[in-house]
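One chain comes next, on its own, written as structure tokens: the form predicted on its own.
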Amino acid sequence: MIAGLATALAQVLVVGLGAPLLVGVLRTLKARLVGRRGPAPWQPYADLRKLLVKDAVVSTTTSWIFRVTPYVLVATMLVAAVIVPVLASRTGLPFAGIILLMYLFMLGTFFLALAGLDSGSAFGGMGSSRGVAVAALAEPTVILAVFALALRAETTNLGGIVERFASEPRLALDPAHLLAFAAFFIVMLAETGRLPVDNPATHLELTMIHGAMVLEYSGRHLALVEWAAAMKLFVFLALLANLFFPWGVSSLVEPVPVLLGLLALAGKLAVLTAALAVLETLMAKLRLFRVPELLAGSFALALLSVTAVFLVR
């Protein structure tokens, strides 16, 4: 019991403290790939600290939803950090599965869309409508891709999936596994607002999705929103790393195995972050009406993965 709580706390600390570093490393890699020096990897920590000490300017026309949303976003991501097998397969909430995780993501998206509308800004409403449309197309693919893994692991528990694939590595060489990975990777780009679906570095309002929804936030509220977005990217990359490549993830909640799990996660995240930096350097943002085509392709890959599970049996 105590070991489980300690592991859950460690996962929250790793996700909460590691997410800004992950974003910083990604920005530095992208800058180096295009021949610029770029910011230091720890620059996001300085940005968050600067924003946290500033007062938040809130319009008098907004309701409580606008002020509560940054705290809801951070809370949902911290709970997700407990559910996802980040350091060990047995998490602090062993009964939780992919359904609860998706509800947490949807809760954050719901409040963020409401906050965009609540601001009364034309760009906020535009970003909310785009964000909800992307989420409606992306989240079924997440469930279907993980469902393909659950069928082969014979459990919907995320920790159980990791333990099954770690004990039987041949299951990871199946074509269904690769199809599910491709589908999940594409939908990760959409859920976390990365290229080619969204451009987190742009301030061109007509092309923004996530940025348009949070355009009216400032001060500590903006710091919480940016921190939650960084944690969401960390959680999705941790899901990619540990669900599809579960090696190094221990089922024991003891100090040494958990430390080894942290080192294994750092190595896998380094590879995924480098791949994401190369992809975002090579690709431009898709036009908005092409995004549903990309997400439909990812859904087809996830559906093929589920079909392959039944055909290979």
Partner chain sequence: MAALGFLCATAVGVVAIAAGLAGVFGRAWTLSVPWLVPLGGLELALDPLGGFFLALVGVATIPASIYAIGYAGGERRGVLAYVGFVLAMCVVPLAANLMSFAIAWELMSLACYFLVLHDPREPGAVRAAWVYAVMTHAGLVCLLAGMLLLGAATGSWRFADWHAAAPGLTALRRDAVFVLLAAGFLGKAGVIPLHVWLPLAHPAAPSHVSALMSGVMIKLGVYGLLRAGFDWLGAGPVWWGVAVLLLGATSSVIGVLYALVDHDLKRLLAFHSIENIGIILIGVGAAMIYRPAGLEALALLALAAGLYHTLNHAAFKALLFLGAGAVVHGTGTRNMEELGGLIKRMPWTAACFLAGSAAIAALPPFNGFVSEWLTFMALLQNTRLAEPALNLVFALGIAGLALTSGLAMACFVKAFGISFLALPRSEAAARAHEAPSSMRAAMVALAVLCLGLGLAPTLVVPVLLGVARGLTGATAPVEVVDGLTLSVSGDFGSLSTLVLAVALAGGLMLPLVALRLAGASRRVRRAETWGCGRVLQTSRMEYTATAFSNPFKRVFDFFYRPAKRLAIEFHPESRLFVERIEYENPTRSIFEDWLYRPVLGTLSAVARRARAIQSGSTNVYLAYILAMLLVLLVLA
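Numbering follows the first chain given and starts at 1. As the structure is a prediction and not an experimental result, all values here were calculated from the model.
Here the subject shifts to the form predicted together with the partner chain, a form of this protein not shown in this document.
At the 4.5 Å threshold, heavy atoms of residue 32 stay clear of the partner chain in the predicted bound form, well away from it. Contact annotation for residue 62: at least one heavy atom lies within 4.5 Å of the partner chain in the predicted bound form. In the predicted bound form, the partner chain sits beyond 4.5 Å of every heavy atom of residue 36.
Proximity of residue 8 to the partner chain in the predicted bound form falls outside the 4.5 Å heavy atom cutoff.
Proximity to the partner chain in the predicted bound form, taken as heavy atoms within 4.5 Å, picks out 116-124 from the listed stretches 192-200, 167-175, 116-124, 234-242. The contact residue chosen from 57, 40, 283, 271 relative to the partner chain in the predicted bound form is 57, the criterion being a non-hydrogen atom within 4.5 angstroms.
In terms of contact with the partner chain in the predicted bound form, the residue from 74, 186, 179, 222 that brings a heavy atom within 4.5 Å is 74. Contacts of stretch 131-159 with the partner chain in the predicted bound form, defined by any heavy atom lying within 4.5 Å, are made by 132, 133, 135, 136, 137, 139, 140, 143, 144, 147, 151, 154, 155, 156, 157, listed in sequence order.
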